[in-house]
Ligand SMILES: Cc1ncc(COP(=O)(O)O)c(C=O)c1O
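Just the one chain here, laid out as structure tokens, in the form predicted alone.
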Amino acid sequence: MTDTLTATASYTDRHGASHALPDAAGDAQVRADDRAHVFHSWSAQALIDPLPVAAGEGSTFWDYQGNAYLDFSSQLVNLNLGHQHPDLVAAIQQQAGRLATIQPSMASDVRGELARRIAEVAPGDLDKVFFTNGGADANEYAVRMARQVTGRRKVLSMYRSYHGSTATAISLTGDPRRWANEPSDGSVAHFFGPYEYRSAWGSTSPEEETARALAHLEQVIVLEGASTIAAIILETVVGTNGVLVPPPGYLQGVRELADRYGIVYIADEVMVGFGRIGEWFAVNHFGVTPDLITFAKGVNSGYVPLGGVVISQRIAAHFDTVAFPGGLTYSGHPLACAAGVATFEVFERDGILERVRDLGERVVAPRLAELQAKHPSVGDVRGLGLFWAIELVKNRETREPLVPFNASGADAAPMGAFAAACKQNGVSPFVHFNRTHVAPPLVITEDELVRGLDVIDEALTVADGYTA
């Protein structure tokens, strides 16, 4: 920061303490530097105007004028323990003062402890952890493991999915972000997953959706050649592409198909792992054990980049005497792992999993049901814990989306107007296509959660104006 950032504005945290913020000149400098020198992801650079953020605490962040925004997206659904959690900050500071970094071929106490803690809460015999720098490379390495173990190349993934933007991860991704990056890994085939509200098979019940989705998946396996398929990868609960909670029996069916055809089952829990739905891993909620679990985001709330793959004994044993062909300079970085260990301590001390389940069941679910009954623009609501989607439509009868699939520019205006109404009233929303997601930090207070839902309620009146 330059010396122009003198304190003139301030914000008050949840404990009533006042903190100084940089002044308007500081805001101008941040904007100038950003626009001149920062190249942003997934953006047409000349068409964006990023908001300079001066501070954050708990579930709230502030701009340079002192305007507060309730973070209803946990940034990118990674800030599970909120902004500036004192325990995570202290863990990083203490680790930096003792041993800031060490290469991955050496043993580290915090790396080993975090791996042990992750293994203890993972299902079945998933007992080892390969650490990465984030979710995309976790998926890359999980696929590499599956290919090495099976001797096969092909991987199946859902159309409605996001698995990262590196080479294989973007090929696995089903949503439109894949299109401009093709061709990449040509050994990927996509299939339809269950989506009860917009069933590809005209299902009329969750049980029917499960049966038809599994029949479709088996057809794809057979037609793609089961003997060529190394892995099936799917988000346990589809994240950015709709918060699609699998209907009863679906994941068990995927597990059975994988076993029948000798395919590795990879659960992508980059977004839903570490408490987002009220479980350490979302597969625990559904009672299924995959061969590999990928994680990132909530493992340490992104305070220092960290991801990884949790590995079953069978997969790990393959590499007992065969070298694993991969590695990263910063695998299991001590600063990142220290924040991860602190995350476990906070979860256990503060009962985070229990409060997530409670808030989801007692506050969010009934309130969203009310919004669905009240607003003609709300076609469907779905989710678990503190991870929900509100799907907006032009017409409830036809279920026509409020904006077209992959809409941009003027076509996306209704969702833009909804998002602007949220921000105007102090809530930073998660908006994707025709949905808004409810994914606040897991430490959000009940009062903050209710206030955020009130703002969404009011903003939905704007969306209602676009209904037919």
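Everything numeric here is computed off the predicted structure, so don't read it as measured data. One rule holds for the numbers: they count along the sequence shown, beginning at 1.
The discussion below concerns the form predicted in complex with the ligand, not included here.
Comparing 267-275, 353-361, 310-318, 122-130 against the ligand in the model of the complex, the single stretch with non-hydrogen atoms within 4.5 angstroms of it is 267-275.
In terms of contact with the ligand in the model of the complex, the residue from 174, 247, 104, 134 that brings a heavy atom within 4.5 Å is 134.
In summary, among the residues 347, 141, 286, 162, the only one with a non-hydrogen atom within 4.5 Å of the ligand in the model of the complex is 162. For residue 83, no non-hydrogen atom is located within 4.5 Å of the ligand in the model of the complex, even though that partner is not displayed. The ligand in the model of the complex comes within 4.5 Å of a heavy atom belonging to residue 297.
The ligand is not shown here, and in the model of the complex it never comes within 4.5 Å of any heavy atom of residue 391. The shortest heavy atom separation between residue 209 and the ligand in the model of the complex exceeds 4.5 Å.
Residues of 313-349 placing a heavy atom within 4.5 Å of the ligand in the model of the complex: none.
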